[in-house]
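Below you will find one chain, with nothing else, as structure tokens; this is the form predicted on its own, and questions on how it binds or moves follow later.
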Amino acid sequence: MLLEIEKLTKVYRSSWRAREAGTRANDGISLAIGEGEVFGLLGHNGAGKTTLVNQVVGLLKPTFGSIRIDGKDMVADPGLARRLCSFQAQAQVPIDGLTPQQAIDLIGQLRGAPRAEVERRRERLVDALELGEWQDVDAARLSGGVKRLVAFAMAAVTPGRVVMLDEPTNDVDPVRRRLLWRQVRTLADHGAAVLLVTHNVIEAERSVDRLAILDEGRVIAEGTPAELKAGLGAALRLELVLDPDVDEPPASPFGLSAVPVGNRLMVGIPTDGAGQAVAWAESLKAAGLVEEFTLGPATLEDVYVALVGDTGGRPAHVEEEFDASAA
């Protein structure tokens, strides 16, 4: 495997003396990602995804565990990690005062590629992402979505052996999100290991070869989208949108998972239960308990909801904001 992470643990401590105490942003994570693979890290805000990425790229030092790229120890040599990895951070890149063309060319050359090669690759990326109308505009005048696309191009113009993308589609419009995902696949097809951080379950299902679901700093599931969906035991999913006045979600008659998410109820349905599911949903609608419903194939979102549940009310994790002196 190109990227090997073993028993990775990151503890944010209240003081330098408290090595064991504190909040575990990552807790014994082990992953292996191959050349040419798009590997997703899926989880709610604060699950530990960004902390993991920052350790791989050498921005944070693990409390315990190892990280190896091509067999080389990245914990011992974080400078090498930054050379072997290209990285799109979750936060917007501060490029005001530069045009997209200047910013992409600058990063490509700083990563060691010849100027002519950088310019060729930048032109291809600008065309592929449909950024041509903005390439000579000061970045201070760009929308958040266009800036995200520029940040992706900066990471992709001279890609590392490992390409780290932290929520690359944030603020990007639906049309250009599709264009971006094609370029993610292209990076892998040219030999990079792509580590993709996202909370967008639907897009992850379309884009990744394998993925891990993180919750509270731990890997709680790992596999291909098909493998994870097979573990549900339900080939179909009935989604009920509950009436706002309903206090108690209706009990599922199917003996499979029924998980409330906000005002929705996600119900697992066996393959031969489609007709019964529609009849049950129609009866709930007639009784005023349900506003609308949809029945379709089980998705990766169903896996995520079944494992993690509704995380909308969870507090933000310390990984987003911490005292650097305690790291």
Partner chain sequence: MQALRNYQLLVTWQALRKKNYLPLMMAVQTLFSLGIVLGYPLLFPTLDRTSVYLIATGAPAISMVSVGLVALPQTVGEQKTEGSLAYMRSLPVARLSYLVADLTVWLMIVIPGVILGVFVGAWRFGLDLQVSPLFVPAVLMVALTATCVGYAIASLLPYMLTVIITQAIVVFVFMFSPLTFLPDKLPGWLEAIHRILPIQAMGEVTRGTLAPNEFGLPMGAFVTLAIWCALGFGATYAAMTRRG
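No experiment lies behind these values; they were computed from the predicted model shown. Residue numbers count along the first chain shown, from 1.
The same protein also has a form predicted together with its partner chain, omitted here; what follows describes it.
**Q** Would its partner chain be touched by all three of Glu6, Arg161 and Arg178 in the model of the complex, meaning a heavy atom each within 4.5 Å?
**A** No: none of Glu6, Arg161 and Arg178 comes within 4.5 Å of its partner chain in the model of the complex.
**Q** Only one of Gly97, Gly255, Gly231, Gly223 gets a heavy atom within 4.5 Å of its partner chain in the model of the complex. Which one?
**A** Answer to the contact question: Gly97.
**Q** Consider the chain as shown here, without its partner, and state which of Leu265, Ile269, Val57, Val38 has a heavy atom within 4.5 Å of its partner chain in the model of the complex.
**A** Contact check passes for Val57.
**Q** Looking at 185 to 193, 215 to 223, 167 to 175, 110 to 118, which lies within 4.5 angstroms of its partner chain in the model of the complex, counting heavy atoms?
**A** Every other range fails; the passing one is 110 to 118.
**Q** Taking 4.5 angstroms as the cut-off for heavy atoms, does Val93 touch its partner chain in the model of the complex?
**A** Val93: yes, in contact with its partner chain in the model of the complex.
**Q** Using the partner position in the model of the complex, report whether Val241 sits within 4.5 Å of its partner chain, counting heavy atoms only.
**A** No - in the model of the complex, heavy atoms of Val241 and its partner chain never come within 4.5 Å of each other.
**Q** Although its partner chain is absent from this view, report whether Ala103 comes within 4.5 Å of it in the model of the complex, heavy atoms only.
**A** Taking the distances in the model of the complex, the answer for Ala103 is yes, it comes within 4.5 Å of its partner chain.
**Q** Are any of the heavy atoms in Pro78 no more than 4.5 Å from a heavy atom of its partner chain in the model of the complex?
**A** Flag for Pro78 set to yes.
**Q** Hey, which residues along 139 to 154 are within 4.5 angstroms of its partner chain in the model of the complex, non-hydrogen atoms only?
**A** Ala140, Met154, in sequence order.
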